[in-house]
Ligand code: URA
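Below, in C-alpha cells: the form predicted on its own, a single chain.
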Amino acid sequence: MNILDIIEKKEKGENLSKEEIEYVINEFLAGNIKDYQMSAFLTEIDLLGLSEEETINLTDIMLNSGEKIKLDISPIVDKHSTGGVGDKTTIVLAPLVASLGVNVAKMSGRGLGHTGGTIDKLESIEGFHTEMSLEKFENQVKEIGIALVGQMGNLVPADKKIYALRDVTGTVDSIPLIASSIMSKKLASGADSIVIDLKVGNGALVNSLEEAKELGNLMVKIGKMNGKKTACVLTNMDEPLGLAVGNALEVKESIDALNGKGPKDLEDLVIELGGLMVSFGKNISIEEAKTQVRETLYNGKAYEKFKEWVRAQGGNIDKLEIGPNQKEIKSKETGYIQKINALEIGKLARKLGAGRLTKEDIINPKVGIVLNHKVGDYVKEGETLLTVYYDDKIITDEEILESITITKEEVSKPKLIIDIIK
C-alpha cells in the first residue's frame, strides 16, 4: 500500500477502503507521507468528493488519532458554528444554557479570514484567559456549569495537521472534509449532545443551500452513529448576524442580548439553538425548552451566569474597550435596504484590524462596525447606516457604501432559520 496508488485510485473515482484511508492518515501523522503528497490527496477529495461511507470512516480515523476527553459530568451539550460575520451566539448561548442546569464544556477557535473567532472575542475582555488544564476545565464545569477553552491536549491531531494544509490548498470548502473535521473534534470533546449552527450564504463557508443540507444530514448521521443526540440548524448568513461586527463590540452586543435587549435576529437564533440544547440536556420537549430559554433570557439569570463565567476565567467585564475613534456612514439615498454584503462587511472589519489573514496576525479587539439597520429596513437620505469604530487603520465611506444596496421598492425581511435537521 502506498500513497501514489491511493491517489490514483481516487483519481479514477473509486471508493477507498477504511484501511487505505487509515494508512494515509497514520503515515501522514508519522511524517512518512509528505505535505505535497497529502495536498494532492486532499485536492482529489475536493474535486471528486467522498462517499458517505468514506466520510464516516475518515471521521472515525481522525477521532481516534489522539486523545478523547471523558468528563465525569452529565449532561454536557456542545454547540458548534461553522462561522459567520457577527456570529457571537456562543457568548450568549453558553451562559444561558448553563443557567438552566445544562453543562456546557466547550472548545472554541480563533478567527481566520473574514469570520471572527469566539476566543478572540472573549479575550477582548481584560484578563479573560482561555488556556487551562483538563483538570481545571472539568472542575470549572462541575462548579459553575460552564467552561470555554482553546483546543487542548492531543485531541484529533490528524485534523490539526490536515487543516493547516486545507487552508493553503484551497480545500477548506470540501463537504466531506468539513464534516470529518467538525465531527471528529466534537466527538472527541466528551459532550453527550451536539447542536450545530450551519451558516449558509454569502458570508459563510458554505454558500449553496443544497450543499448545506448535504453537509447537515451527514454530520447529524455521524453524530447519531456515535451515540450522540445531534441536530443541525441551517441559518442565513447573507447579512451579518446582529448589528455588531468586531470583538469587544460583539461582546458588548452579547451583554445586551443577555439582558433581553439584543437584536431580534440574534435573540431568535439563541432561542432556537438554546431550545435544542436544553431539550437534549434535560430530555424535555423543544416547546418546553424554548419557554425556559425565553424566560431566562429576560429575567437576568443568564447574565448573572455570564458574569460568574467571566470571573472564573479571570476576566473583568468592566474593562471592555472599544475603538477610540468613531465615524458615522450616512445613506446617500432614500429607500429600502435590499442587501448587506456579509462577506464584504467581514473583510472591511478585518481591514480595520478586527480579523486576521494569517494565524500570526495580531487582532485589535477594540475596532469594528456597528450597523444601524438590517435588510428590509427603510432609510432616508442622510440617515446613519452604520458606525465605524477605528484606531490606527481606517476604511473609506465608498468601501462601506459599496457593500450596502438600497432600492426604491419594498424589501421583505430575510428568513433567518432555513431548516432544522434532526
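A residue's number is simply how far along the shown sequence it sits, counting from 1. From a predicted model like this one, the values you see are computed outputs, not experimental measurements.
There is also a form predicted together with uracil (URA); it is not shown, and the following applies to it.
Partner proximity in the model of the complex, defined as non-hydrogen atoms within 4.5 angstroms of uracil (URA), places exactly one of 266 to 274, 333 to 341, 252 to 260, 182 to 190 at the interface: 182 to 190. This chain appears without its partner; in the model of the complex, the one residue of Leu352, Val141, Ala231, Leu177 with a heavy atom within 4.5 Å of uracil (URA) is Leu177. Proximity to uracil (URA) in the model of the complex, taken as a non-hydrogen atom within 4.5 angstroms, holds for one residue of Met152, Ala312, Leu205, Ile317, which is Leu205. Put simply, Tyr163 is close to uracil (URA) in the model of the complex: some heavy atom of it is within 4.5 Å.
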